[in-house]
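Coming up is one lone chain in structure tokens, specifically the form predicted on its own.
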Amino acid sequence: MLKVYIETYGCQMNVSDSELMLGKLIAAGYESIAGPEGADVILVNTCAIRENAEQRVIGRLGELRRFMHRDTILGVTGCMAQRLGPRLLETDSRVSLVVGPDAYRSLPHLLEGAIKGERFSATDFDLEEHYEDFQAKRFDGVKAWIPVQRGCDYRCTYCIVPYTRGPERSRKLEDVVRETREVVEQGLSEIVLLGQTVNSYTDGTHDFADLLRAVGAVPGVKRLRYTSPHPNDFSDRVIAAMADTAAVCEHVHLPMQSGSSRTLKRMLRRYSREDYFNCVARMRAAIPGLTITTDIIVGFPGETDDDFEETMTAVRDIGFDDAFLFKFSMREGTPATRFPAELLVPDDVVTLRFDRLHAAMRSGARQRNMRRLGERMEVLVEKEARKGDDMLQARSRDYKTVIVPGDASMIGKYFTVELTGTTGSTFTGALVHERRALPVAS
């Protein structure tokens, strides 16, 4: 029995894809191991969203060589594999396989050839592929990542995803519901629906509102989340489904990217600053206590001081609970590469803006979190905390991270906690009493 190790980089969709690949290989007779030591097959599932993500993977491929014996198969999968294709085989002689996100079905066959010394690149798009017959080997014993949509049709000028994931296509609603029932039977109670623009979901008959209601109605689903939505696709139907479906959590990760309409237009985001503010207002009016997190790009070509100040005021006025902040990264093949060179923002300016925005974001989040001390809330214990003995990391419905005392037997269970302190982004909490105890998936 050959041993396989999969190392994952990037978004939740990549995590889900790694679970699918591992499930497929286990079904084909491979044994999963937790690290690269002793592996006969090492697969690195990659991200291409920013240049530093790719450079990190290239560096890691070099590091993995020390774990490889003469017959070890090294493969690169995912978005970076899709983007670079055969070039990866040309630049690294130890790489035997380059497999894009629509070619995981062929992995066992490709590995058979690689064992014989052959090298392959499989990066064709398959607009019918949803891996419905795959049995995912889930890494998380608390929540389930369930892809409902692949690809993206928006084609924002900075984004490589349409070129690595292909056009948008959605699974059938009944298939998503079937998979939800299966994971609930395994003991998982939190479902996270995945898509590049997940709320644009449509299977030709049902939209995202129908999907939320159907998945939320599955017995045993306690929490329902989704990522990442697009501001343009929050119809009144979708917002009503969020408000009416008890399992849908009071949190939305809503990428803004910029607070400047002028910059948003060059990004081809297809909404204005005012449209974004209106979307936030509509959701908050329908869902009391809703928390909102976001993504913001700093230093997009042509971003002026005034454009950046509009982003700063948007962060202040909306009151995001958290944000992923990124310095603009030019990606080969995207429309942004055709912008005039004079529009590029100098690195030192980008760094200054990034630091200002980061400080403002942290300050605002800390002030909001300080006001919540003493509040009681339900949390789901997810895993052991990174630091501190006998400490666990838990998550509230509105996506607040709470560190609580306890041991591993509490993972996968719900508790009520009182918020006792905050670092600004993370809370500490004291257990009040146990709410619902759920079994942890084996």
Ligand code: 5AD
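The first residue of the sequence shown is number 1, and the count goes up from there. A quick note: this is a predicted structure, and the numbers were derived from the prediction, not measured.
Below, we refer to the form predicted in complex with this ligand, which is not included among the displayed structures.
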Next item on the list: State the residue from 274, 295, 132, 317 whose non-hydrogen atoms include one within 4.5 Å of this ligand in the predicted bound form.
Entry: 295
Next item on the list: Could you check which residue among 261, 106, 329, 369 gets a heavy atom within 4.5 Å of this ligand in the predicted bound form?
Entry: 329
Item checked: in the predicted bound form, residue 158 touching this ligand (heavy atom, 4.5 Å) -> yes
Check: Just to confirm, residue 53 within 4.5 Å of this ligand in the predicted bound form by heavy atoms?
Finding: no
Item checked: Interface membership of residue 255, this ligand in the predicted bound form, 4.5 Å heavy atom rule -> yes
Check: Taking the shortest heavy atom distance, is residue 49 within 4.5 Å of this ligand in the predicted bound form?
Finding: yes
Next item on the list: Sort through 94 to 102, 295 to 303, 356 to 364, 308 to 316 and report the only stretch with a non-hydrogen atom within 4.5 Å of this ligand in the predicted bound form.
Entry: 295 to 303
